[in-house]
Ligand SMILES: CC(C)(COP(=O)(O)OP(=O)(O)OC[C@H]1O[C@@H](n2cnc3c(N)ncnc32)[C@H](O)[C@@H]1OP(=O)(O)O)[C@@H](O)C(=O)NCCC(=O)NCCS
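This document opens with one chain alone, in structure tokens, the form predicted alone.
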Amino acid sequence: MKIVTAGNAVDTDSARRELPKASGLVLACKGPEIAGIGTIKRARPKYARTIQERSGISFEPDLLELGYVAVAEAHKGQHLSRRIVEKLLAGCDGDLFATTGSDRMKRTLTHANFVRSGHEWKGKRAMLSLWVLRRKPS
């Protein structure tokens, strides 16, 4: 939990509530230490509709979300977020979306073939953008 909230991208209550409900989870470990984390979040149709409104892009409201990709400060710069996302994608064959305001995460999503879609909107901590990965025919 510390790694997720240390990046200041999500509030602690949301992470505490949603992490146990994730449909996929990857931990990157360096010895006994957790160096990074990432999840495929459960479908949240109400939240997805909010993201559609903010971004101006329509997508299926039951689309799963890639999220909570975070790396501990001591392990940044080692491409762990890319490896975490690769492992998550290997375990999920459907389309996904993600939202971020982080330039590092935008590079990770681009590397994983997510496409930035719609327009940015003001989040609580930064300007956010929608990223979509289409892996099945629509």
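From 1 onward, residues are counted along the sequence shown. What you are looking at is a predicted structure, and each value in this text was computed from that prediction instead of being measured.
Although it is not shown, the form predicted in complex with this ligand is what the next lines describe.
- Site residues V71, K76 and R82 are all in contact with this ligand in the predicted complex, judged by any heavy atom within 4.5 Å.
- Put simply, of R49, R42, R107, K30 only one has a heavy atom within 4.5 Å of this ligand in the predicted complex, and it is R107.
- In plain terms, the part of the chain that comes close to this ligand in the predicted complex, with a heavy atom within 4.5 Å, is 63 to 71 out of 50 to 58, 88 to 96, 63 to 71, 22 to 30.
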